[in-house]
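What follows is one chain in structure tokens, specifically the form predicted alone.
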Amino acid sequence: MEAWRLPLSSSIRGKLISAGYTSLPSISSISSSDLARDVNITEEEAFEILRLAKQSSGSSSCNGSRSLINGAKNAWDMLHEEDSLPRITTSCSDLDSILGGGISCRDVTEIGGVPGIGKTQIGIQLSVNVQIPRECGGIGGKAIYIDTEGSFMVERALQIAEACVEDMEEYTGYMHKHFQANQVQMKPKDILENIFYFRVCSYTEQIALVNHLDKFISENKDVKVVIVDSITFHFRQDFDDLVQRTRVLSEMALKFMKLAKKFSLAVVLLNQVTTKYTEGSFQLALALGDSWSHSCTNRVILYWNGDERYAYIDKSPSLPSASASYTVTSRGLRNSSSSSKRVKMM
């Protein structure tokens, strides 16, 4: 159960969410004095919150244990599920190759790199490509784009959508000529209409939106990718208490994992870089620290090698570490002209 469902005043609920207490387990695992300090309320109010949380947890414990037992799977079925999971193409075949065919649904994938490396371009490309119909090799879904930095460019989305439609028309034209396949009916306007765009301007708005996503996706069941550009921005600006920041981010990561599993969709979190002091020197590393690195299923690091862009599989339970070059063109992501795929340890 979510904390916002507790019978509390709106001001208390707002304070709980802002402090990172968005679920009952996160509230129940803390003392009243710590809760009062973190949320900036009286200890009597904290006692009442803990009482309501315990009461709500107790009423749902039977249902919770039953669903856990009913949700058991055997490893053989899980293996077949993994093999049959749909993937979203990046429009760069070399990049798709090291990703096992594209961005996997039911996974949380983090993509990070320096400014100008193409993170937002990848996000826009995925929000378009998720809509490629099944008859063209896609999954025919819709996209949610959460913009925390104001970097989403609708003109660029239109440009990539037009290129995508041209590619689909070329593909279906060939299939129609040789196999009597139907011509594609999708237009660039249709693609833009299927990208649900949210602009968030603070970390509290970001938390509130993530809490609302379950309901929104339930009402728009064709959503197959959620893109956050970037997950980092507000959490680097607005937080002085790193412990609180870690707790808030952990809660958010857990919600994204649940969304990915529940709706069989891909969650793509774009991340910034920071400097990290390692082995006597400062080196670039993805932002939010080491604890955040455990919050995603897959981690892809984008970097420059000379004048070429590269993507490196830094972490994945099912993919080997490998890198592939890519380029950003007027039509979107494509293979690099001097395309080369190699194993690269970093």
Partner chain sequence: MRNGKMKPENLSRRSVTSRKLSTGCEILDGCLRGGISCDSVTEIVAESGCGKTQLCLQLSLCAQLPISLGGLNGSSLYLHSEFPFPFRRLHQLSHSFHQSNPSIYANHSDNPCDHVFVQNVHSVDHLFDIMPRIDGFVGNSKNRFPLKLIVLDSVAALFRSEFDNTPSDLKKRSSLFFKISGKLKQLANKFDLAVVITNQVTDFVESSDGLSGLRIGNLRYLYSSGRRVVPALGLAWANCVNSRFFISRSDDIIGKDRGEKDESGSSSVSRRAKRRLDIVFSPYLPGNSCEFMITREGICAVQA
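Note that the structure is predicted; figures quoted are calculated from it, not measured. Positions refer to the first chain, counted from 1.
Omitted here: the form predicted in complex with its partner chain. The next part is about that form.
- Note on the interface: of 89 to 97, 194 to 202, 251 to 259, 104 to 112, the segment with non-hydrogen atoms within 4.5 angstroms of its partner chain in the predicted bound form is 194 to 202.
- Contact check for residue 189: a non-hydrogen atom falls within 4.5 Å of its partner chain in the predicted bound form.
- Contact between residue 272 and its partner chain in the predicted bound form is found at the 4.5 Å heavy atom cutoff.
- Looking at residue 171, you'd find every heavy atom of it more than 4.5 angstroms from its partner chain in the predicted bound form.
- Its partner chain in the predicted bound form comes within 4.5 Å of no heavy atom belonging to residue 85.
- Of the residues in 206 to 234, those that come within 4.5 Å of its partner chain in the predicted bound form through at least one heavy atom are, in sequence order, 208, 209, 212, 216, 233.
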